[in-house]
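Alright, here's a single protein chain in two forms, structure 1 and structure 2, each given by itself as C-alpha cells.
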Structure 1
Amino acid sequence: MSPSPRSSDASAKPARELWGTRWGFVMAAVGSAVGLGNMWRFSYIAAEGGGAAFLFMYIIMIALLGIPLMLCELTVGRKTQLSPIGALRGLGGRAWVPLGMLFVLTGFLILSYYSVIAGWTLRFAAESITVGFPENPGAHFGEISAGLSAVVWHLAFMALTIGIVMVGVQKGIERAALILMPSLVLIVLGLAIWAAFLDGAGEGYAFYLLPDMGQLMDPTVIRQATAQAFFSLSLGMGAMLTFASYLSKDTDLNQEAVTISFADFGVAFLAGLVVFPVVFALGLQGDVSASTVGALFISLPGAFADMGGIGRLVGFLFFLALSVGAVTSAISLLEVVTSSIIDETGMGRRNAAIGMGILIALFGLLSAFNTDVLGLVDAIAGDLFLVIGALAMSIFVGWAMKADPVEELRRGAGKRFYSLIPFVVVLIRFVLPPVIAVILFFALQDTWGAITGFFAG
C-alpha cells in the first residue's frame, strides 16, 4: 500500500481527491452557479415577472432562502466527504437515501435539456463568425432548435462536458473553471458597458429596474423568483454538496456561500444590463415577454443581425460567454451523477463519467427533437424537483441529521460569521421549511399546468 497519508486508510479505497486551492473551489462553485440560468432563464423569467418586480423578489429570495440553503448543502458535503446518496445515508440513515437519488435524477434530467440549449448557444457563437446572424431570427430558431442539427450540437456539448469531468476534480473541473470564469465575467462586463450607449437603453433599464408594485405580491412571481434562485445557485440537487465534499474540513463555508451567491447574482444582474437595453433599443420587448424557452435565442440574434458588423462581434462575445457559463454548469450537473456512481458502485471515474454522460445524452435526444419536451422537463426538474430537494434539505439539516448544525457551521468560520450562525440555523429550522412548503404548493400547480398543457398540445 502506498505510504502517502491520505491513502493509508485501512480499506483499499483510494483517497478522495481534493480541490487544489480554496480559490479553485470558489471558481468551480461559481462556475456551477453561473450558467444558462443567469442569462437564458433569468432574462425570460424576469421579463415575464414584470422585470423589476421579479428582480426585487429574486434578491430577497437569494438572501432569505438561497444563502442558508447553500450553507446546508456545503456543510453536509464537507462533513461527510461523500456524494449526495452516501452523505445523506451517513448523516441521516437509510430513510434519506431516496432524497440522494432524487438529487441524482434531477441532475440527470436537467443536464439532458441543458445540453440542448447549450448546443444552440455553441452554434450561435460559431455561426456569428462563419455566416453572421440570421435575417429572420424566428424562422431560423424554428429550424435549428429541434431536429438533427440540434442533436449534433447537443452531442458535441455533451462530449465536451464528459471530457472535462472524466479527467478529475483538480485537473479537469478546477482547471477549466479557473480559466473560464474570469473570462466570462470580463466579457459580460464589457457587453454591459457597450449596451449602456445604445439608443433606448434608458427604457430597458426602466423596465428592468423600476418595480411595478402590483406584481410584487403575485404568487407566480414569488414562486418563479424562488425556483429561479435555486436553479441559478445550483441548489436543491446536491451540486454544491458534491463540490463541498472535495473541501478540506477547515474551510470557512460561510464566507464561500456569500461569495458564490454574490458572484452568481452579479452575473445575472449584469446579463440583464445587456439583454434589456438591447431588446428595448430594437423594440423587441414583445419577443422576450412572450417568454418561451426561445426568447433569448430569437430576440438577441435578431438584434445582432440589425447591428451589422459590430453586431457580429458583440453577438459572438455574448454567445461565447453563454457557452462558457454553460460548460462550467454542465460539469457540475454531470459530477453529481458521476460521483454518486463512483461512490456507490466503486466504478472508476472515467467509466462512470462516460457511461452516465452517454445515457444523459441519449435521454436528451427527446428534448433535442422537440422543444416542448424540453420545456416540460425543465418545468418538472428545474421548477419542481429543485423545490422539493430544497425543502427536504432544509429539514434534513435543521431537524434530522445526526450532527449539530450550529457546531458544523462554526467549524472554520471566521469572526465575522461566528456570532451570526445561531441566527442562520433558526432560519434553516423555522423559516425555510414553511416558506419553501408554500412555494412548493404553487410549484405543484404550475408544473401540473405545464404537464396538462403539454399533453393537450
Structure 2
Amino acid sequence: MSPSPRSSDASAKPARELWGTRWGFVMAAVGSAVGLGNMWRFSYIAAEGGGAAFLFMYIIMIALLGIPLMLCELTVGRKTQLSPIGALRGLGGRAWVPLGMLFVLTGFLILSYYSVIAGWTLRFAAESITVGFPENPGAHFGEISAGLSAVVWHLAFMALTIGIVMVGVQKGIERAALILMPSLVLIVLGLAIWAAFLDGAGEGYAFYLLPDMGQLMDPTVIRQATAQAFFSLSLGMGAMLTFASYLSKDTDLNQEAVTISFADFGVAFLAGLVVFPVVFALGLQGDVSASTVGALFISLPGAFADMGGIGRLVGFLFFLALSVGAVTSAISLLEVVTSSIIDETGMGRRNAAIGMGILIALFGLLSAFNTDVLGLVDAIAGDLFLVIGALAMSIFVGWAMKADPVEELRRGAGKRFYSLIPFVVVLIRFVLPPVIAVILFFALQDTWGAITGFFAG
C-alpha cells in the first residue's frame, strides 16, 4: 500500500503503510540509531572522556534525557501518522512547519556526506578481502578519500540505500532491518570474542570499564556524554518521528523507547569491547585520541596489514560491520526525506525515493570531491541542526502541541511505565530545553569555527 496525499487529519489516511511486526519496527529504529556514530565515534568519544567515566555518564544521560527526547518524536509521529512537516502542522499549526522542513533538510544534508564516509567503509571491506590492506595506508587513504574513486563508492552506497527505501516500509526497510541488524550483532560479537584473546586486551578493558571517579563530574565529560546520547539515538532530525508514523495507535511508546535506547547502547557497548582491546593490543592509543578518521582509515588498516592473513579476515569483518551499520542509518535518513515528499505532494514512493535519492547523491558529490566540504556540512547539519531540532522538538511537545503529552504517552502504556509518565513529561518540559540550550551554545561555537576555518583555508 502507498501512503495517500497529505492531510491534517490522520484518520483520513487509512492507506498508510504500517510496520508488519513490532520486532520489525524495533530493529529498524535501532538500525537508525546504530551507525558509524555508535560503531566507532562512541569509542572515540569515550577515549577522550576517560573511558568508563564517559560510559557511566552516558548511561545516565540516555535514561534522563535521551529516552524523553525520543518519546517526543515517537508521540508526534504515532499521533498524526504523518511525516515531519505534516505532523508538526497538524499538531502545532503552520508556525511549526519550518521545524518539519528543518528535519527534512537535516536528513538531506547528513545523508549527502554520510554516504561518502560509508562508501569508504564499503571500499575498505571489499579491498580487505580481495587485495588486502595497503602497505602505506596513509597514502592510500589520501588517494581514495576524495575524487573519482570516492564518487564511485558514494554513488554505489546511495544506490543501495535508494533500492531499499523505494520498495516500501514492510518489504524494504523492515525486511532489511530484520536481516542486517542481527547480522551486525553477530559480526561484532564474534569480533569481541576474538579481541578478548589479544595480548593487551586486559589493559583495554580496564580503560573502558573501570571508572575514574575524578572524571565523573568533569564538565567536558558530561557535555560529551549528553551530546552523544542525543546524536547516537538519531534524535533531532525526525527519523524516529517518521518511523513512529507507521505504528498502530495502541503501541506502547514507553516500552519501545526504552528498548530502542538500550539496544542502541548495547551495540555501542559491544563495539567498545572490540575497539579498546584492539587499540591497546596494537598500541594505537595515541592515534585514536589524535584523529577519529586517521585511526579508523589509516592506523587500523595498517595494523591489520601487519597481522597477515588473520588481519585481512578481521579487517574485512570490522569494515563489513561498519558498512552494515551505515546502511541501516542511511535508510532512516532517506526515509525522512522520502516520506515527507510523499505526504506533501502525493508522489508515489518509488518516484519519491529515486528522485530525492538522486538529488542527495548529486549534492554529496561536493563532499566526495572535497573532504573540507564534507567537514563543513557535518558541522552545520550534524552538529548544529540536530541540536536546534532537538531543542525545538522538546519545546513543541512540552508546551506547544495541540495534545496532552501525558495522555498521549499513556495511550497503550503498560503498568510498568504508566505511573512514570508525568515525571517524564516534567523532564521534557523543564529539563530538556535548558540542557539542550547549553549544548546548542557549544555547537554554535564549534560550527562557527568550522565555517570560518573553511573559508579561511
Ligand code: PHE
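Along the sequence of structure 1, residues get numbers from 1 upward. Since the structure is predicted, the reported quantities are computational estimates derived from the model, not experimental observations. Rigid core: the largest C-alpha set superposing within 1.5 Å between the two forms.
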- Task: Quick one: identify the form predicted together with ligand PHE, either 1 or 2.
- Result: 1
- Message: Superposing on the rigid core, is the Cα displacement of residue 200 between structures 1 and 2 2 Å or more?
- Response: yes
- After superposition on the rigid core, does the Cα atom of residue 43 shift by at least 2 Å between structures 1 and 2? yes
- Query: For residue 336, is the CA shift between structures 1 and 2 at least 2 Å following rigid-core superposition?
  - Reply: no
- Task: Look at the Cα of residue 53 between structures 1 and 2 with the rigid core superposed and state its shift in Å.
- Result: 4.7
- Cα displacement of residue 227 between structures 1 and 2, once the rigid core is superposed (Å): 3.4
